[in-house]
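Here's a solo chain for you in structure tokens, the form predicted on its own.
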């Protein structure tokens, strides 16, 4: 299967990471890696340190990375290196963008027993994590996500929000603001402080953020369901649906009316939320439902291989949509994904990565699986957390 680039793809500039520096991160006491914006292949035995590099890259976006690890747990466990900075671990990078090179860094700082993740973009230090979504677009697929469709809603919701980040750079800040306001309201309820004015103010902010979050999620799904973005014909075509109270309100009400209705619901649920210790309704409860269109079957009932193929379809459709609308593509991390695809689907994925001029980072234990990409990619062999160009 060979795809012919569209005019939009031909005129879009290649973007991607061109330098990565790690200090005291996982199995890497230190690492300095230079590359260009072509796809990157990392091969080596299990435990060699391949996934640790992908995890470092995932920390260049908002959140806790592809393993959702506690920040202190990713610190290098060997002999402590000489400290040239106050960080327990740090990640520094340079991204090639159409506007030039942007530097992005993050690290863990511990002061007085408290952990704090520091973010720096170019010369601006001390930024919130949400600022990362303004300059980076990062998606990933890992073996741990094989059960995304059969486990709880939290992982599916986070996956959906990472897709939203590609098109709405303010979405991460909205989610963070909603989560903070929800925690503050619950804190008041748990303390038995039921002052109506204070709670109403927090509930109004929660409703405003929740409806804005729901609107962004709905827009994402509407865009992805456009037929033209599903280009990988040998992969299953998904149907996406969102289930949640804020989303349901937006089905029939304008945004302001939906906010008022949701705020009233928060007020009516104060006693329930106090007794249960958690907020009953809101954008933190929304779920992403996925169906295998050709079989009219929910994803959770599909085979493991079909579920992985559905996830790849969604990720690549989002990348294609971003390329068509913005002339940019996200940095995509595929951890041990290729080995689980048959030859036809593997070639289709490779063709689409090259077609989109995407810097995909792919790991595997079998070098031969990546031979069709030959000199169109950069290849590194990883052994005991040491990278050697192939």
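Numbering follows the first chain given and starts at 1. As the structure is a computational prediction, the values presented were derived from the model and not from experiment.
Only in words, not in the display: the form predicted in complex with a small molecule, which the text now covers.
Student: Although the small molecule is absent from this view, report whether residue 45 comes within 4.5 Å of it in the model of the complex, heavy atoms only.
Tutor: Judged by the heavy-atom cut-off of 4.5 Å, residue 45 is in contact with the small molecule in the model of the complex.
Student: Would you please decide whether residue 67 lies within 4.5 angstroms of the small molecule in the model of the complex, comparing each non-hydrogen atom pair?
Tutor: Yes, residue 67 lies within 4.5 Å of the small molecule in the model of the complex.
Student: Closest heavy atom of residue 250 to the small molecule in the model of the complex, within 4.5 Å or not?
Tutor: Residue 250 lies outside the contact set for the small molecule.
Student: Would you please decide whether residue 266 lies within 4.5 angstroms of the small molecule in the model of the complex, comparing each non-hydrogen atom pair?
Tutor: Judged by the heavy-atom cut-off of 4.5 Å, residue 266 is well away from the small molecule in the model of the complex.
Student: From the candidate stretches 31 to 39, 337 to 345, 354 to 362, 50 to 58, select the single one in contact with the small molecule in the model of the complex, where contact means a heavy atom within 4.5 Å.
Tutor: That would be 50 to 58.
Student: Counting non-hydrogen atoms within 4.5 angstroms of the small molecule in the model of the complex, say which of 73, 256, 101, 197 makes the cut.
Tutor: Selected residue: 73.
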